[in-house]
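We begin with a single chain expressed as C-alpha cells, specifically the form predicted on its own.
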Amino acid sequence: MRTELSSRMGIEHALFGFTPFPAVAAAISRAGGFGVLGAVRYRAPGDLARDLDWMEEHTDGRPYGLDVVMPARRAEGVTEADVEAMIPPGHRRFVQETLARYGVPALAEGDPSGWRITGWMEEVARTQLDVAFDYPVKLLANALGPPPADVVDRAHRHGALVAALAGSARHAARHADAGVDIVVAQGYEAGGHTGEIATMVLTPEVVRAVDPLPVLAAGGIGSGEQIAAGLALGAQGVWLGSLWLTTEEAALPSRALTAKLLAAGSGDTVRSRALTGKPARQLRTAWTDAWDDPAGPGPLPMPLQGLLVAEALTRIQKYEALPLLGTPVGQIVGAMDSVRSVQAVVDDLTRGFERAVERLRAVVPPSGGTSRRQPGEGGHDATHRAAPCDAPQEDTTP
C-alpha cells in the first residue's frame, strides 16, 4: 500500500493511525504505518513529554506524529476559569440529576476527576507544542482545521508536515490556502467530530479542491478493500482512528467499554454534541439520549460542554455505569468484533488491499483491450499514485 505520500513520509503502508494511546501509536509505526498520538487529553506538559519519551523508545526509529485540537484564530487571555464561569447552573443540575437517575456514585475524596477537554485552549495547546517540538515529530495534525499561521511556520521549520481535517471541499480549500501540507477528508461515518458528507462523496470532492496536495480518506474505513476504494477515489492514504480502540495495545478505561464496542453494530452510533459541544460520532447511550432529548437543556457550545461533563464521564467510567458508558467511535464499529494486536490488524488490512487489487485486475482490460478513455476523461486517477504492496516502486524517501 505505497503511494507518493507514504514514500515521502518514509513508511511502508499509506496508513495513518490516530489514537490517544502511545502504545497503539508506536505499534502502528512499527507495523509500517504512521502512528499519530492524540494530545487533547494531556493537561500537564510533563505527561506529554513522558509519553513522547516512551514513543521514542518503542518506535524503533520509525516516524510518528502528534494530533492537537487547536483553533485557527488565537484567543489569548482566555483561561479555564473564565470558561467555567460561563456554564449555567441549570446545566450543572441536569448533569447531577442524570447521574442520580442511573445511580452513579460520586467520586471518593481525593479521587482524580479525570482529564478535562482543555487541549483546544490556546494556552494548553501551545504548551503541548513546546513539548512536541523537542522531539522528532514528523507530522502535526489539527482536528479543528489549520493551526494558526505561526504554528504552521514553526512546524515547517521543525521539519514536520502539517495536516488538517476537513468535512467539506470548501473547508479543505481554506486549509490549503492556510499552508497545510495534507488534508484529511473526514466523512460523516467517522468517529469523533465529523461533518455531514459521506466519505465516498467527500474524498473525490476534496481531492479536486486541493490538488496537488495529498489527501487522506477517513471515515468508515476498516478493511483493506475500503482502503483500496479510498485510493481509487484519489486519496494518497487513509486516516484510521476507531479501528484501534479494540486492539490489545489500547488502554480503554474498562473491559465493559471494550465489550460494548465488540457487541455494537454499525447502526449503534449517533452524531451528538453531548461530549464536546460540537457534533461528534460516538456510541449511542442513555447519556447521549439525555442530551439530545428536546425536553432537556441541550448541550452547551464547545468548549463549555466538555468542561461541564468531564467529572461526570469520569464517574461513569470508574463505576462502569453501563447504560451511560460510551466513547467516540465511527460506524466501522460494526466490524470490530474481536480483540487483536495492532500488527494483526495491519496484516489483515494489507491482505484485504491485495484481494481488492486482484479483483480489479480481473475486471480491468489488459493494455490494448477494448476499453478506451477519451481525452480529458478520468480526472484524478489513483493508479499513478498507488501501487499494490508487492509492486516495485522507486524509493523517494528523503
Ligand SMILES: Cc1cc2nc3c(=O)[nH]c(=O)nc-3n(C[C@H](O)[C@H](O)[C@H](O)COP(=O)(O)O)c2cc1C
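Note that residue numbering begins at 1 and tracks the sequence as displayed. Keep in mind that what you see is a predicted model, and the values were worked out from it rather than measured.
The form predicted in complex with this ligand exists for this protein as well; it is not shown, and the discussion that follows is about that form.
This chain appears without its partner; in the predicted bound form, the one residue of G326, P147, G241, G230 with a heavy atom within 4.5 Å of this ligand is G241.
Screening R41, R355, R50, H58 for any heavy atom within 4.5 Å of this ligand in the predicted bound form leaves a single hit, R41. Figure note: of the listed segments 265-273, 125-133, 99-107, 233-241, the one touching this ligand in the predicted bound form, with heavy atoms no more than 4.5 Å away, is 233-241. At the 4.5 Å threshold, heavy atoms of G224 stay clear of this ligand in the predicted bound form, well away from it. This ligand is not drawn, but in the predicted bound form it has a heavy atom within 4.5 Å of L165. The shortest heavy atom separation between E189 and this ligand in the predicted bound form is within 4.5 Å. At the 4.5 Å threshold, heavy atoms of L257 stay clear of this ligand in the predicted bound form, well away from it. Contacts to this ligand in the predicted bound form (heavy atom within 4.5 Å) from stretch 1-37: F18 only.
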